[in-house]
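This document opens with one chain alone, in structure tokens, the form predicted alone.
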């Protein structure tokens, strides 16, 4: 009898421990938690429409930037560049107007002029990747994000907006001899500065129609 009682008590204790070791979540709670996950696409959409687009008017004119960089590199970088780290790679938000001199497989060649100088540039039309657009404006802070994966996903989504919404119309209508106003991002290395044959990752492209 005593053995039977001990057996019953032991079994009851085991069942009690097992029951309290298992944790069940309601399905609604699981779904709600999933909905709280970071939505990079929504963030990128809002950033592009409400923060980046209004900032485009403040982009530095490309020829002015390059002229300054040739005579005072530090001033050019300190006034106009942005980056997350303290390395030599920096990003600039630039704008300009130029004549299309060539339509290539992966880019469009442009000669951009102002009152004092001109520059030969390439506008990327095929490979819009990387962090240049995200970082050039200086409007996004890494501390806003809980993980670097979320931060990098924003970059991918912003680039996707450009590929899907900016480039198709431009590529389908642009031709040699047209004039275009562009706003975009460029990457420069402070330590190994190269100012020739720069590639612009576009944010906005508008062909200028003759009146």
Partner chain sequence: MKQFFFRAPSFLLLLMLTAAFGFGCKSKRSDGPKKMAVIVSTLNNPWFVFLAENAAAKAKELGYEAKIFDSQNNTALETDHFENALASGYSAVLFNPTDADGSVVNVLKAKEAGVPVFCMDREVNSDAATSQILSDSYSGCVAMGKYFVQQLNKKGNYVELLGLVGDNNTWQRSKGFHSLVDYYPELKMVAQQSADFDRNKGMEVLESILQAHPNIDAVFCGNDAMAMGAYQALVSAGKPNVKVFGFDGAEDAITGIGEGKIAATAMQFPKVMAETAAVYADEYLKGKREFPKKMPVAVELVTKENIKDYIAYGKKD
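Positions refer to the first chain, counted from 1. Keep in mind the model is a prediction, meaning the values are calculated, not measured.
The following text describes the form predicted together with the partner chain, which does not appear among the structures shown.
The listed set 37, 58, 172, 146 contains one residue whose heavy atoms approach the partner chain in the predicted complex to within 4.5 Å, identified as 146. 84 is the sole member of 111, 139, 84, 103 with a non-hydrogen atom within 4.5 Å of the partner chain in the predicted complex. Residues 77, 115 and 118 are none of them found to lie within 4.5 Å of the partner chain in the predicted complex, as judged by heavy atom distances. Among heavy atoms of residue 88, some come within 4.5 Å of the partner chain in the predicted complex. The shortest heavy atom separation between residue 95 and the partner chain in the predicted complex exceeds 4.5 Å. For the chain shown alone, residue 167 is not a contact residue for the partner chain in the predicted complex, no non-hydrogen atom being within 4.5 angstroms. In the predicted complex, the partner chain lies within 4.5 Å of some heavy atom of residue 126. Residues with any non-hydrogen atom within 4.5 angstroms of the partner chain in the predicted complex fall in just one of 154 to 162, 64 to 72, 178 to 186, 41 to 49: 154 to 162. In sequence order, 189, 191, 192, 194, 199 are the residues of 171 to 209 having a heavy atom within 4.5 Å of the partner chain in the predicted complex; the partner itself is omitted from this view.
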